[in-house]
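Taken one at a time, structure 1 and structure 2 that follow are two forms of one protein chain, written as structure tokens.
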Structure 1
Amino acid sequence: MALAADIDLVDIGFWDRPPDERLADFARLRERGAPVHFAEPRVPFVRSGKGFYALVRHADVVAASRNAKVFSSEPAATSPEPPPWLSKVFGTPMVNMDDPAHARLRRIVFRAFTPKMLAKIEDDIRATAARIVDDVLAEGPGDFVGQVAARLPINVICSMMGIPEETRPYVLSRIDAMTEYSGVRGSLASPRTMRLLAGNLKAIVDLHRLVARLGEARRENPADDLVSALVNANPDGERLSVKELGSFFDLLLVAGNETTRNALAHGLKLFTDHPDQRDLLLSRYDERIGTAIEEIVRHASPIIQFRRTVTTGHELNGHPLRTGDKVVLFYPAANRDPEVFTDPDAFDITRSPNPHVGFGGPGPHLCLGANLARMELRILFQELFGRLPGLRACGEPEYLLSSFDNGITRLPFTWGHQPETG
């Protein structure tokens, strides 16, 4: 089915439009029937393929997510597709793997999260959240992303990995360089984009070197951190190689950082725009924060899309797909599907059931850090609303221009009165 010229998901102009307009176009695509084929631009040094089918219905996204044998994450789950030599040099990220390699890495990582490690992580989150609010009280209101949302996940991840505090600003600068080039962010053949790609690669090299040195040190002298658990053999004799550790670190820093940061910023904006929902949450915080977090993630969809490659002839929603076809799973579209969600554009923290795909669809690639993100959101919102009872956004957000990362780069905030400290 031909796509109308005014809905072009590979055009940077589409992703520069207001979020409500993009969601309205996704609704039009759902009504017309999906998948719908789009052309993908060619990028120097990056294989663009022959285009992709956009999956915008909840049922289609779930079906593709569950069936990893047909809808493969190899050779890449991201767009633009990285050059083949990249994985040879830096290793293959888990998001770009299928089983059995993918299952092996997930098994090693899961075993590293012992009850003792999880308890330490929760303590670290609480301590970090308290420091963040202490600093907000000292600095005064300004930008919620820079002062709050961006600080929690990166500090928690670095603490988990055992990275010293003095090194964390450097790590954050490398993350920003890595995520500057992802998805559609302007003319893909422009000199600026080529500079971003070069900066992205340098950032990957820098982080791999950092974590490789740390991994080597922890093999000689293990400590009470995640790197030590990953590079030393578990009861089955499995451990991550230095290259695998680097790829896992990349994934943890980007996925673990971006998802939580985006959800925090979108969450504050949603509670500001819907004070009734904020009041509902605060009246019974412990009881309602679980469903509130799921609704924030559904409504915001912090990660916009991932890609799959069809491995064999297959029919999806009445549409034939051939071996080698690309499909892109658009999570914001699936999360607003009226076939699944009543009044899908409403923000309702009591929504239940809420089978959103904001952490990826069900299946082997469901977000490994979803429970960590939930814990971070639960603890930080409790600290924020408890100590800054008038907390709210006080201006319009500035959005990141990307087809991959539904990020807010700046969000002015304030609170109604000076709260008590301590």
Structure 2
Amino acid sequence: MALAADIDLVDIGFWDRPPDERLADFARLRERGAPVHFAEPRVPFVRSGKGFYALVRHADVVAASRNAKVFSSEPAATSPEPPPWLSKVFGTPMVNMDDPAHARLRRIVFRAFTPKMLAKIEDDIRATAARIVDDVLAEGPGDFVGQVAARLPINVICSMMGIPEETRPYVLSRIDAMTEYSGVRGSLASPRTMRLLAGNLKAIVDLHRLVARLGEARRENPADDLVSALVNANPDGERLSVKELGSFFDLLLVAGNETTRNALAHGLKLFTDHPDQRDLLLSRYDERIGTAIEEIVRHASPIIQFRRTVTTGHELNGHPLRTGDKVVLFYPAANRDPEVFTDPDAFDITRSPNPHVGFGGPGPHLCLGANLARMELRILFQELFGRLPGLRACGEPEYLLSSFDNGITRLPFTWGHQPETG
């Protein structure tokens, strides 16, 4: 314990430190070997637990992800966990479920991510990416997150769900209300955060209502779209209830929005910091973009952690775990494990194989949207570098203070032109 005694993953101060310092501390935790236990503080309105073991070695994260019978996603894959009434009102997202309930939902919503469905939205993604670059050219350089990275994923999710163009500004305003709260950390009980929490819950209710109306309409008059496919029975007679559809939409917004946005922003920062890798990519884009995206996701690890709860006595990496123990899987730490990755801190777009766990470890909860995220990154960077060849970050990023999203909230960028004045 002595080696890691000064590291406190529960202290928000840890997450406020520069990313490189955090990675250095994760390296010390990895070297220690057995998982280290951290106590959790009491937080109003959320169940406080008895603490968790941090899994920081690649082998441990993979082992826990694979073995869902011992490492359960119930009652929640997040820590601290939301209060039970939240699930009662809004439904339980599949990420917080075990089989067979999880497998049933995954079978139904898998239809959203089949190659056929992805091919259907590819043109849509390309058109949105082109519009974003048109706007950037008109607006001039500024903030890459607000002008570029934040715009694509949310539009893609709306078009997947068949949310009409005219309703999107309303949806975006509701999502802003949701993310405003999730961006707040620290003193959860302050009047401001309580106000934001109320706004967040109202936004979820509003979005559920909107999607429920859409689901009911598609049940009566099915169309050739995803919502129709989800609310009407598949060949096995399975379909989503309207409440489950609302919960699925929430999950898409939470799982597919900030993650992809952050991967895009980290990607631009990495290509700026490593111009040799950028040149290598641009000299053969189609051939190299696949491995480049995997390396962005490994290096940046847009999601920092998910949690599991131990269901039975089990030994992990020589350490005994007991029923009810919580473990937290730290993906950025696993993705820099020198036991698996040669020169793990290097950004090498040709790295292959690249068995990173940025989309989660192998197992039943492996990211459902990984291929969609890959497609968004491939198309947007192609559009950006194709039309703005000098594209680069031109200042330091501002990072989100979070132990869950490895977020960039602002990233100054340019492409070598001065903004037009007057």
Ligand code: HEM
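By rigid core we mean the largest C-alpha set that fits within 1.5 Å across both forms. Computed from a predicted structure; not experimentally measured. One-based numbering along structure 1's sequence throughout.
Pick one: which structure is the form predicted in complex with protoporphyrin IX containing FE?
Between the two, the form predicted in complex with protoporphyrin IX containing FE is shown as structure 2, not structure 1.
Would P141 count as moving between the two structures, using a Cα shift of 2 angstroms or more after superposing the core as the test?
No, P141 moves less than 2 Å.
Taking the rigid core as the reference frame, tell me whether D343 has a CA displacement of 2 angstroms or more between the two structures.
D343 C-alpha, core-superposed: shift of less than 2 Å.
Is G318 among the residues whose Cα moves by 2 Å or more between the two structures after superposition of the rigid core?
Superposed on the core, G318 moves its C-alpha less than 2 Å between the two structures.
Keeping the rigid core superposed, can you check how far the CA atom of P222 moves between the two structures, in angstrom?
The alpha-carbon displacement, core-superposed, is 2.3 Å.
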